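Okay, here we've got a single chain as structure tokens, the form predicted on its own, with questions on binding and movement later.
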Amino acid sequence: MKGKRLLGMITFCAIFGLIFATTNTLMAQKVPEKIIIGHPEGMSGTYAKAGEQAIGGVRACIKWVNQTYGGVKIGGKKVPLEYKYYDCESKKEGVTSLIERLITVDKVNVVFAPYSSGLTLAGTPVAEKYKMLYMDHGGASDRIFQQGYKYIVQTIGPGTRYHMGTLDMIRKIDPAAKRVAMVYEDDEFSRMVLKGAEDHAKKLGFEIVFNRTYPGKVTDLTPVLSDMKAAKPDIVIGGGHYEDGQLFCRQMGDLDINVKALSLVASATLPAFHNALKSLAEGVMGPSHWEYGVTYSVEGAKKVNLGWIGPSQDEFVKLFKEALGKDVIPDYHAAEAGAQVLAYALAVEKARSIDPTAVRGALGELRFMSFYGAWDVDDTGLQVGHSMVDMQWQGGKRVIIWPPEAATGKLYYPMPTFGDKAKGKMAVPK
């Protein structure tokens, strides 16, 4: 009897051991040797400046995940991230063909969208066709998330919110400033910014004295700016991207259009903006998703009951400089792209899988903070957890001036006239 029991126990243990060994083998087979991030980005063409920043940010955070974090944990194993990127030349056809190549040839596990709403939207149907997770670091248009797509998730904040903080700030510091001019590029992203700014300005009681768009790749803004000058605005908000934003500011100077405040989206925040315009950039503002000096930290995350991941701000800046091989401070284009790497790593760990559908579901459940700020997306994939700041060029430096709790300096207001700036006047508060 005892022999039978012993034999039964041995048989049970053998079977259990076989099942356990088989399960472990299957799990080991499912855990990849590496996780590949694919990325078609504008390394040349219209969005090259922002594209360079984005690639630097991604490379910086991949290095942090691999070397400091130890890799992405799946099934008890730490898996390294690999980065495969191509130049889409800032063209829609480049985006669509490269996404197809990344998925079918390079066998990537996730695709990061290129910078700009137009390019991001162009690639979305391709990612959807392959049921591939498509993470959006640079497409801010709300409309992207109103099409019913299931695999796109946003890291950058919605376009409709870009100039809300700017208008709140002006209303608070100068209630007498009433007349607002809105002049934006006629593209997917900028139209969304315009819509949000227009609605918010009316809500705050501003008078919109000028409201117009200009074509993409514009080479002369003199006609529209001359008409704007005749409207005598106190405040000017507008822009679209780097090249037209630089032209906007330069030709306002040529026409000697002096206003109390000028805020330009997507261009004013780039280091290249001040490098190109020098003193003309002084006092110009821009809404930003991140600026060097923000105070997001482990302690701050604890105060709002959020988990923390990633490098500190200074660690990120160091890694970014190493990635680009340049002594340049990253701007928000780099920070949002880098933060996307961190979100993806957390989602893979939460899903315990690299399956795009499972990781997409995990991204919708994540709530955390990084050096870039908070993360939270709604059911459509729209980013609703991240808050923006406003910066201003002061003495050749980007200074955070809004909101008060994030500010690293005081707003210089009203901004210097273009005549004074031509004589070397800096927008540095006393």
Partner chain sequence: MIGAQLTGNLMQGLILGGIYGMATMGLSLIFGVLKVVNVGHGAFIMIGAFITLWIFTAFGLAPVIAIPVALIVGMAIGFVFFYLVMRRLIKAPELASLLATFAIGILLEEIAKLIFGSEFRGYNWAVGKIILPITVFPMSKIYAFIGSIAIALLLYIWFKKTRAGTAVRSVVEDSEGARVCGVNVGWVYALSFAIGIGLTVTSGVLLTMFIPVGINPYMGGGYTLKAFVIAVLGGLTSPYGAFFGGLIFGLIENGSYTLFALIPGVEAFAMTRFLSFLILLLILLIKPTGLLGAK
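Positions refer to the first chain, counted from 1. Here the rigid core means the biggest group of C-alpha atoms that line up within 1.5 Å when the two forms are laid on top of each other. None of these values were measured; they are calculated from a predicted model.
There is another form of the same protein, the form predicted together with its partner chain; it is not shown, and what comes next is about it.
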Contact assignment for its partner chain in the predicted bound form, among K229, R360, K260, H200, heavy atom within 4.5 Å: K229
One residue of L280, L324, I235, V72 in contact with its partner chain, assessed in the predicted bound form (non-hydrogen atom, 4.5 angstroms): L280
4.5 angstroms heavy atom contact with its partner chain in the predicted bound form for Y242: yes
Contact label in the predicted bound form: S297 to its partner chain, heavy atom within 4.5 Å: no
Contact test in the predicted bound form: L346 vs its partner chain, heavy atoms, 4.5 Å: no
Any non-hydrogen atom of V399 within 4.5 angstroms of its partner chain in the predicted bound form: no
One stretch from 47-55, 64-72, 364-372, 381-389 that, in the predicted bound form, holds residues within 4.5 Å of its partner chain by heavy atom: 47-55
Residues of 191-212 having any heavy atom within 4.5 Å of its partner chain in the predicted bound form, listed in sequence order: R191, F210, R212
Residue shift check between this form and the one not shown, rigid core fit, Q146 Cα at least 2 Å: no
Displaced residue check between this form and the one not shown: V218, CA, 2 Å or over, core reference: yes
Displaced residue check between this form and the one not shown: R360, CA, 2 Å or over, core reference: no
